[in-house]
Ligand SMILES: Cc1cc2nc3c(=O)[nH]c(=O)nc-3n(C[C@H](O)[C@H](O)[C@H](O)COP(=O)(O)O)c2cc1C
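Coming up is one lone chain in structure tokens, specifically the form predicted alone.
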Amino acid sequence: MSRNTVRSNGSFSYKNIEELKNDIERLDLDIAISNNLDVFKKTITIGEHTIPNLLTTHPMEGGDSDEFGRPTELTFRKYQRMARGGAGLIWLEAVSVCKDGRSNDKQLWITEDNWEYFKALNDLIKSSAKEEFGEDYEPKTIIQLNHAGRYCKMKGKRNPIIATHKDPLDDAIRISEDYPTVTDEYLDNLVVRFVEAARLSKKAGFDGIDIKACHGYLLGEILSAYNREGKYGGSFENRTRLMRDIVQRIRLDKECKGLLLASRLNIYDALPYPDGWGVSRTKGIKVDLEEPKKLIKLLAEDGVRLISTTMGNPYFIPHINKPYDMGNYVPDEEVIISCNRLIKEIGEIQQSNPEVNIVGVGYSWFRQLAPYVGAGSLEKGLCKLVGFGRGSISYPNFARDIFKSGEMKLNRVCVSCSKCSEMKAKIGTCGCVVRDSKVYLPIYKDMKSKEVETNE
């Protein structure tokens, strides 16, 4: 191992681009580097929507709604900060389409009774961006629609809704082998729930909607329901049926006309067949993108031209989609290898689907060097937009600083400490404990103190 890198239980220590380049060369990685940060200033037009630059905030659940699913002061604060930060695409976090589909009692949930709160949130994003950058500037907003599936909670208790049994994931949250799987009738009705949520999102003024199918949630789990019987399991056609039915119904719905159709989509689950999607059927957890590529081509035909590709399951193997320096276990690979997997395989997806606008991920861990890695990915054609998830939570002004200063500032970047993920998993509410400590450090300390009391 190079003296300039450390494994996941250490800390990032690249001091400059040259040190990073040396490790990329040493490890023969597919990570590209470019000093041309002007590449981020380009625009992308998808249908009637023009995204004013190529930097994106990625969705990360904040768990700060009220009991009725309405955004609260913390929610408004977070997205106002992002709006003033300059990213051309603001991709909002997971919003549940039904009450029993919430990941916890503080997850956002859009309904006929509360859509005006979401309108106020979207209006704040748009007006804040204009105040910061001028009347002609308008970031596009995507609202992520989701059903949490096996990770549903109600009144603080697990309420798993599973499409199929997967032993590793079942064991992790103590689902017994005789636990019932969700019925086809429930899934049929879920199509209606997504359409209703999309209508409300349009009514609230959002530019687009994201049909979320990743990270072990319900729609993502169905993609690997190889052993499920009925019309939503077994064959590729069946396993992708629900996703495509939702997209097609929304595209044809008169009240949803003009919505930009998007998806946050897993291309690799990192679980062996038949538990995982995007994996080889004969070679353990080796990446096999045949089915994800096929699905993306079909989604493009259905009108989905914006896809944020991702990998893994943050509840089970978090380093796959959120490479980190500090976490609850030490992966058996260097962190940069985890980043390379994201960048390389997403690049393969982009180059196989040039008509689709793929948002690249895996950049936050590179800290102040992230702009150069993102610019390299754009120039090499590995994605068409560059997204920051944890990075946008810790550093909402990242885009503005890239454009105005030509850099991301070292004292503002995400340090991949995993505390935001720890909070999300344990109490639902999360934010950056390090860079936004005035707000989130007290919440984190309260969580830890309650853990100690419980253990005692």
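On a predicted model such as this, the values are computed, not experimentally measured, just so you know. Quick note: we count residues from 1 along the sequence shown, nothing fancier.
Only in words, not in the display: the form predicted in complex with the ligand, which the text now covers.
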Checklist entry - Which one of H215, K140, K384, R305 is close to the ligand in the predicted complex, taking close to mean a heavy atom within 4.5 Å? => result H215
Next on the checklist: Just to be sure I understand the contacts: of L219, I346, I246, A94, which is the one whose heavy atoms reach within 4.5 angstroms of the ligand in the predicted complex?
Outcome noted: A94
Next on the checklist: in the predicted complex, does N397 come within 4.5 Å of the ligand, counting heavy atoms only?
Outcome noted: no
Item to check | P52 within 4.5 Å of the ligand in the predicted complex, heavy atoms | outcome: no
Next on the checklist: Using a 4.5 angstroms cut-off on non-hydrogen atoms, would I267 count as touching the ligand in the predicted complex?
Outcome noted: no
Checklist entry - Does any heavy atom of Q350 come within 4.5 Å of a heavy atom of the ligand in the predicted complex? => result no
Checklist entry - Can you say which of 40-48, 413-421, 400-408, 22-30 gets within 4.5 Å of the ligand in the predicted complex, counting heavy atoms only? => result 413-421
Checklist entry - Who in 39-61 is close to the ligand in the predicted complex, meaning a heavy atom within 4.5 Å? => result H58, P59, M60, E61
